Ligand code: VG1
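Take a look at this one chain, the form predicted on its own, written out in structure tokens.
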């Protein structure tokens, strides 16, 4: 075995976003493309000689190939050990768990989250720091700077490492330890939740259906939900991770998790339904014929947290992304704890958790988590809900409706316009910014615009400022319309429109969200000129 230094030319498009670098698989398959980015990571993080790294991914196409390349590059760059999930598998929250438990220098996670997989579909790579969370902007900017100036990378000439058997092998002077991808994570879950109570709930005849969407959480859910908690065999559907996610779109929402939705709204629906996404960090919660919005889910978990052993001492605080509804704010007010409104991106929550300012956090995009790791965590949220149901002995719908009766209901919806021409999407945002002055004070039926802005956030921990995080149209009654360009896609632009109206009157809580938000939807389309500027007469996804 020998270390080879390979001359290369930099690529100009390797700027990592909030979720790392995401491109189509053929882009990553270009000569030296993956290697250049990995070398840029290693050149930027200043890992000491002999450091330990965690490595794994969601099993999508190109995952195993990329892992072999990264292992050989880690060996050539002086790492002493790499912990890699068996078969190359590690969910994003499990990778965070392993980094934190084993106190490694950091980790590389291979995933494009909820985006489709396959030979022509999406792939992604990101670096997580020693706290288990996504790299800070300082680190990602350093990686990008390195990628633009790179002239060579180092790689070990060696045979591929066997990934499907647990154990330790040598790769040059570096050890590769293939670990059980589930065990550390499952142990952490058992320390947080009342497994005995959940086991008793499932034994009582309570039926559940968990849709792993042929993604990474299949093995985790099979082990924890069926084996450890005793749910009937088959409670976990689509449990085998596939390189193309079975041809589906592994995004746990009402549109893409349609198989689960049909089951939960069918004649013989189970009591509880849930789904998770490609890399296991998102979740969707359903009751019998009943959908819980992610914003409500965060608020409900916070309101019931002391029923769960890991949170029985209460919460230090709550954090939510700016587009997420204010339902959690009302819980925080009642509990007399702070609630932070941050830009979208889990790294903002990580700062707050590391500083001990918050315990629970969540994003409206089906991501919820706590300070047990530094990533959102889909299966954790499902177990949290099951623990609450076991403790309260009520249905998902009853628990949610009682919450609305106590705190009021935040009617909420998100409209996603995916794959838009970038110029058209930017045009919508520019038009809205130019309209701030004309919109302030304007009345539309019962709604009066109080103010408009482009959200800016000053981090209370490190003082960093994040500007242009989404356009907010705020109404005098507390209702909101938010427009935001998302960075999770790999081609074109995704424009998200968020709509929220607070309703204290319990007599109106039965309304369908789309009916309750009809007037706000009309206002959003009118002031943004979205349909005429993009040519889209309807969104790709409504949640």
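Numbering follows the first chain given and starts at 1. What you see is a predicted model; the values in this text were computed from it and never measured.
Omitted here: the form predicted in complex with the ligand. The next part is about that form.
Within this chain, residue 376 lines the site of the ligand in the model of the complex, having a heavy atom no more than 4.5 Å away. The ligand in the model of the complex comes within 4.5 Å of a heavy atom belonging to residue 18. Under a 4.5 angstroms non-hydrogen atom cutoff, the ligand in the model of the complex lacks residue 320 among its neighbouring residues. Under a 4.5 angstroms non-hydrogen atom cutoff, the ligand in the model of the complex has residue 345 among its neighbouring residues.
The partner is absent here, but in the model of the complex a heavy atom of 113, alone among 253, 413, 297, 113, sits within 4.5 Å of the ligand. Between the options 44, 486, 63, 52, the residue in contact with the ligand in the model of the complex by a heavy atom within 4.5 angstroms is 486. The stretch among 163 to 171, 463 to 471, 233 to 241, 279 to 287 whose residues place heavy atoms within 4.5 Å of the ligand in the model of the complex is 279 to 287. Heavy atoms closer than or equal to 4.5 Å to the ligand in the model of the complex belong, across 352 to 388, to the residues 363, 364, 365, 376, ordered by sequence position.
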